[in-house]
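Before any questions on how it binds or moves, here is one chain, the form predicted on its own, in structure tokens.
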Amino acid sequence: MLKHLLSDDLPRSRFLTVLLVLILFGLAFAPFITSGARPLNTAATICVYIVLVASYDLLLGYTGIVSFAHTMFFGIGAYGIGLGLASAGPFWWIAFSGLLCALLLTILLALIVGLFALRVRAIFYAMITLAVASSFAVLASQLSDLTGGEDGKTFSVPALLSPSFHLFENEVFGRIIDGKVITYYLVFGVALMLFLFLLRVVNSPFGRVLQAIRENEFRAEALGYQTIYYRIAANCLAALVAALAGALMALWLRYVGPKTMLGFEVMTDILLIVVIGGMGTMYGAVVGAALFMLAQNYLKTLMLQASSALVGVPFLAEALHPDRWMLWLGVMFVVSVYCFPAGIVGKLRST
């Protein structure tokens, strides 16, 4: 049953299996094993980024396509559901209508970008997608009447997902089951299904062709595969999943804005997580997203505690000052790439 659920793509490493199980159970029971808004927000962000990074891994790790337009599709999904709820009210049919419009726009743009750009090679395609994504971000910032400009827009969600909604009068395992917890499990459940779907895709005959294109496109063409069609299909599929991830993020935050949804920082985070976790593994998205988001949210706090404990050692206390957390995050990234050139999952699977 487990092999079928994982599309016969088992972790193939005892330590990796334990790590994945810990992440799964940690995310599944996050509302009950943590308290406060920050840990739950971190868990929800990990769920969203697992899907977002896995969809990008379909392009980069399995097909060999370097694209900088992934945040554009992420933002389209977020703005589709966010602007719909902000303009027409917190109704389910509005949310689904906005999501449907976002997905249609996503598939159209992905198809257009694919048709015109995927015929060129490597760096040229990357530059084209970067230009398209940058143009879309500028457009979202300038259409302030529609999108809220740089400030973005906040919106209300359907009553079931509102923090004021209580499913039960009494606590369950010490936690009130309110709309925020329900929203979290919506994000977690959809993210889990999307990840398992992508795992099925990369282990299907379609996925095998994508890997053949990555390894040697000319040989794949010689075997009779129309590689341009497979590359376009992979681009459209990855874009749709990224848009769904954006919709989940918007529902969780109840806010859409260009910096949060369309900023280049989001794209760099995706690239870092893919490299840290391991390209072409899918499981790398899970491990990389969990480790990166935990470091991003808690490294500064840990450094503050360490700096306070080492107050008698001026050099170390200064070096570990929390204002330098970005420096140490970069050092951790360099060390991880040096120690795990194939990513954490790639290293664990090879041992």
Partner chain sequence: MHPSATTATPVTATAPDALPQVPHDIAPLLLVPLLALLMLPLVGSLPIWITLTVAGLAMGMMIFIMASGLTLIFGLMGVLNFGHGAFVSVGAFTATLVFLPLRGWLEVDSLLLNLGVLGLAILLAMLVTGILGWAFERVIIQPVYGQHLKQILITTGGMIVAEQLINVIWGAEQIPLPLPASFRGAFLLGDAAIEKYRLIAVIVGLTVFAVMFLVLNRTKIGLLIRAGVENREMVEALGYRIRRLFVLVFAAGSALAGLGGVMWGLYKETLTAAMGGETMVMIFIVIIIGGLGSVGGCFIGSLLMALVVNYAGFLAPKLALVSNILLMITVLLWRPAGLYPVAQH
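In this text, the rigid core denotes the largest set of C-alpha atoms whose superposition between the two forms falls within 1.5 Å. Residue numbers count along the first chain shown, from 1. Note that the structure is a prediction, hence the values are computed from the model and not measured.
The protein also exists as the form predicted together with the partner chain; that form is not presented, and the subsequent description refers to it.
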Candidate site 139, 271 and 326: all three near the partner chain in the predicted bound form by heavy atom within 4.5 Å: yes
Of the candidate stretches 37 to 45, 305 to 313, 24 to 32, 61 to 69, the one with residues having heavy atoms within 4.5 Å of the partner chain in the predicted bound form is 61 to 69
Exactly one residue in 167, 143, 159, 100 has a non-hydrogen atom within 4.5 Å of the partner chain in the predicted bound form; which is it? 143
Note which of 181, 275, 95, 194 lies within 4.5 Å of the partner chain in the predicted bound form, where distance is taken over heavy atoms; exactly one does. 275
The partner chain contact at residue 319 in the predicted bound form, heavy atom, 4.5 Å: yes
Verify the contact flag for residue 334: yes if a non-hydrogen atom of it lies within 4.5 Å of a non-hydrogen atom of the partner chain in the predicted bound form, no if not. yes
is_contact(residue 134, the partner chain) in the predicted bound form, heavy atom dist at most 4.5 Å: yes
Check whether residue 116 has any heavy atom within 4.5 Å of a heavy atom of the partner chain in the predicted bound form, and answer yes or no. yes
Please say whether, between the shown form and the other one, the C-alpha of residue 334 moves by 2 Å or more once the core is aligned. yes
Using a rigid core alignment, state whether the CA of residue 66 is displaced by 2 Å or more between the shown form and the other one. no
Which way does the C-alpha gap of residue 339 and residue 295 go in the predicted bound form, closer or farther, given it changes by 3 angstroms or more? farther
Pair residue 338/residue 211, Cα separation in the predicted bound form versus the displayed form, closer or farther by 3 angstroms or more: closer
